[in-house]
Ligand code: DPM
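The data below hold one chain only, encoded as structure tokens and taken in the form predicted on its own.
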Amino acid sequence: MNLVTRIGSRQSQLALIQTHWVRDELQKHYPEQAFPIVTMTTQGDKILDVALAKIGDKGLFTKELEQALLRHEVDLAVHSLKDLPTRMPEGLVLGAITQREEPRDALVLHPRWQGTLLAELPPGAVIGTSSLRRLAQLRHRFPHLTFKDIRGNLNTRLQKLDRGDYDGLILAVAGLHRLGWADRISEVLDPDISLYAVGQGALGVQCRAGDERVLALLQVVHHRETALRCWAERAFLRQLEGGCQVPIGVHSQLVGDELTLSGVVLSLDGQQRVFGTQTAKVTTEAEAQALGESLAQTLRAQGAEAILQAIFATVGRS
């Protein structure tokens, strides 16, 4: 009898593209097994008229998939790693982190601005983003621009852009590449403009703790170099108790066994900014996490603690 391993996924086009990639890799390595995909809608998919930061981010795009795992309705779940909270429900683990796509943010412009850089847009140009991380960094760097919240899948967002509701959007390069819209990218934002979200560009595959069969299967999609970077990034975020309600960005680079992690914490209005960088020799998950925690503690001491406390006093802890 063929073994069946059920894969949980959100129903969005991008989520399914990501899940199909994981399924196809598993099928290629284990042709004798079946990998049916079970789709579901998450809270974050249903609430499209409220800014993400106002909803809270405890499993906004993951909770329903996690519950299905715990109920044994699926055997693994594929997430955009940036959506996966750094603290997981008891009984679940991160079984694999896939090779990272380009993690940086991109500027996508209305056709009338084609060929223009973000720094060249005129005062009052309207930029759409649903991310406090992007918003605070761009407010810090480009206070003359106007920023407006935008929700919905990438198709919907691009439609709103093209009909003239916005002059430009800030989106993840990885998502645009996976959906085949790389030609819409006007500019890839360097870290000095926008540090990216923790885990952005990578997929996280979640499964039940102790499920040795599934954990063994997932090793064929696990990418060690990406995992070392993302373990450090996630430890940094976890130590800061951050999420989508706190503007926190990262940039990481692994050269040999030297991992360099940069991080930034900003106030909601972008006026206050604390940035730091640390490098360490990293070969294990524990060493990567130690680097992330060390950088977080350094930034706290340099002023991030006051910024975080002010944000938590305003919006509460997610």
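Sequential numbering from 1, following the sequence displayed. Just so we're clear, the structure is a prediction, and the values are computed from it rather than from any experiment.
One more form of this protein, predicted in complex with the ligand, exists but is not displayed; see below.
Decide whether residue 201 counts as a contact residue for the ligand in the model of the complex under a heavy atom distance cut-off of 4.5 Å. Residue 201: contacts the ligand in the model of the complex.
Contact flag, residue 229 vs the ligand in the model of the complex, heavy atom cut 4.5 Å: Heavy-atom contact with the ligand at 4.5 Å: absent for residue 229.
Spell out, yes or no, whether the shortest heavy atom distance between residue 141 and the ligand in the model of the complex is within 4.5 Å. Contact with the ligand, no.
Answer for residue 83 alone: is it within 4.5 Å of the ligand in the model of the complex, judged on heavy atom distances? Contact check for residue 83: yes, within 4.5 Å of the ligand in the model of the complex.
Pick from 130-138, 184-192, 209-217, 108-116: which stretch has non-hydrogen atoms within 4.5 Å of the ligand in the model of the complex? Contact criterion met by 130-138 only.
Heavy atom within 4.5 Å of the ligand in the model of the complex - the one residue of 172, 78, 97, 74 that qualifies: None of the other options qualify; the answer is 172.
Run the contact test on 150, 178 and 197 with a 4.5 Å heavy atom cut-off to the ligand in the model of the complex and return yes or no. So, yes: the whole triplet contacts the ligand.
Determine the residues of 13-38 with a heavy atom within 4.5 Å of the ligand in the model of the complex and present them in sequence order; the list may be empty. Heavy-atom contacts to the ligand in the model of the complex: 14, 18.
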